[in-house]
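Coming up is one lone chain in structure tokens, specifically the form predicted alone.
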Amino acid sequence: MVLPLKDKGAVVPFATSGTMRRYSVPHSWQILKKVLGLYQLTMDIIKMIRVCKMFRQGLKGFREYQIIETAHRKNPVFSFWDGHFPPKAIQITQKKPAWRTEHEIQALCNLLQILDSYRSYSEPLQLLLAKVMRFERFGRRRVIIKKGQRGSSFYFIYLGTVAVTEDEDGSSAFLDPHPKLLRKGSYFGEMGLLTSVRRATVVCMEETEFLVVDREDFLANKLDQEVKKDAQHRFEFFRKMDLFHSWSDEKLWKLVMLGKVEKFSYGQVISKDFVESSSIMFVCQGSCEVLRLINLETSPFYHKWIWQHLQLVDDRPSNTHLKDLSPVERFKEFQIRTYPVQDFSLMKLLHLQKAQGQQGSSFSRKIKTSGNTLPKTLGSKIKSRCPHFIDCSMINTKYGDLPKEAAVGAYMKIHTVEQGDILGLHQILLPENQHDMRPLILISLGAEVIRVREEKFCDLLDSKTIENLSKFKIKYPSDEDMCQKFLKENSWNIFRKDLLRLLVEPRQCPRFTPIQPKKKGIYSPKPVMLDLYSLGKKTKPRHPVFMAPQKYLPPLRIVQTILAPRYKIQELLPQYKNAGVLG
């Protein structure tokens, strides 16, 4: 039993050598402990609020928050509330370079890591750029660089979009359906500091925020040498290509000046439709994938495939056809397959009339000609199986009706572009009426690309180069061929899983495994599956459905796998009649 002491303090029992000793804690320490706990709770709430705001800004904002988080807490950490350049960072850029402290320069350098073009520089140059950069914000239609003028600065785009045009006022960017755009993370104007004359006009397409490096600081920190190294790297890349063996160095340098290296991370979209982008892209490092969004609804092969599998759905539960049939059912199936389905009621009626005539009596009783009057052995033959009609909403297509839920699409990989390959030249020699204008998506697998305008590239072509371009003809497969390939791969993947499940059946007494809490994964395969078993059933989807935008059409649901009714694998492979062969 513990008795309280007379003084104001907490009583803490403590056992030593079987005895209980009382130690009193000062009241001030208890108050300090409560204050510290309240402070920690307040800081946790502030952090949670900031993280929640990052989530509301989307994945891009959350990624920025992770990148700028510094390892040292003494450096300032900026908060992103609306995606704009933080006010504290603006205050740093407004100072003169000599007045900025090391902590401020390091914090600004950490903040600018979200810009791909900034990360391409070495770490010492990043610190130099963070030391001399200043912040600028311009509105829509503001001309940043005018063609023909002397270059005085180069720019990093922190937020917004700009267009590169050939006219002086930049008005053509708002009339061109596919202007050359530069977005967040890009930079421009560095070559103008070397040549002293701007070769193009840059205009803001929306309110845009820039980080500007002036010419004096650019030359003082020897950044011009880095730009020259980058240009020399592009020149060597073009010189190694067979297409440009006949070009002179002067002509090749013109091509070098038309484009610059753009870096893309793994899985990043380079172009949503490079067919209409009017650009020639040279893959100088890494690889890319060419994808095509296939609308399966427009394929006659898909219609035939869907209805062939839906015929396996009958009035029984969706999984009963995968079980073994009883002996009675197997005998009925044998009868149906052996004898034709016929109605013998008229033959029975004729036989009874002859029998009554031989006995000399009149026959006036009406005979029912339904299947119930037939012998029991033939009754099941007349009761033919009626097709199962699925009760679900249908849509009318040019190939017939199709369940509405089965009108889906899929992304198909049709080509892989490796280092040294060129995109956009496969139709450059064809007349416009023969061009394949299907949208093709270009996805980066960790690639560096040099993008050049098609009309500028065509101005440099000569007869020898045009002759070599005939080697770059690539004919992409049709949508119908890709649809058939998708369904064949889908059937093979399902068959492979069924066979593996049959051969390696789990043991009846599985091994003991400790129960671990299930963690919610980022990726769930259910949103990209089409289950034909669930057609017509009222089920509440517990997962989001991925919808891809279609040109001139409403969004299309995207799937990766189609689960369809199928025969039992023992019927297809009788040699694997017993399950668990490899178990």
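Quick note: we count residues from 1 along the sequence shown, nothing fancier. For the two forms, the rigid core is made up of the largest set of C-alpha atoms that agree within 1.5 Å on superposition. Computed from a predicted model, the values in this text were never measured in an experiment.
Only in words, not in the display: the form predicted together with a small molecule, which the text now covers.
> So which of 100, 260, 134, 263 reaches within 4.5 angstroms of the small molecule in the predicted bound form, heavy atom to heavy atom?
It is 260.
> Which one, 297, 190, 479, 421, lies within 4.5 Å of the small molecule in the predicted bound form by heavy atoms?
Answer to the contact question: 190.
> With the partner left out here, check for me: in the predicted bound form, does some heavy atom of residue 292 sit within 4.5 Å of the small molecule?
Residue 292: no, not in contact with the small molecule in the predicted bound form.
> Examine residue 485 and determine whether its closest non-hydrogen atom to the small molecule in the predicted bound form is within 4.5 angstroms.
No, residue 485 is distant from the partner.
> Although the small molecule is absent from this view, report whether residue 402 comes within 4.5 Å of it in the predicted bound form, heavy atoms only.
Judged by the heavy-atom cut-off of 4.5 Å, residue 402 is well away from the small molecule in the predicted bound form.
> Please determine whether residue 461 contacts the small molecule in the predicted bound form, using a 4.5 Å cut-off between heavy atoms.
Residue 461: no contact with the small molecule in the predicted bound form.
> Looking at 178-186, 276-284, 92-100, 105-113, which one sits within 4.5 Å of the small molecule in the predicted bound form if you count heavy atoms only?
Answer to the contact question: 178-186.
> If I superpose the two forms on their rigid core, does the C-alpha of residue 299 end up displaced by 2 Å or more between the shown form and the other one?
Superposed on the core, residue 299 moves its C-alpha less than 2 Å between the shown form and the other one.
> Comparing between the shown form and the other one on the rigid core: C-alpha of residue 186 shifted by 2 Å or more?
Comparing forms between the shown form and the other one, the residue 186 CA shifts at least 2 Å.
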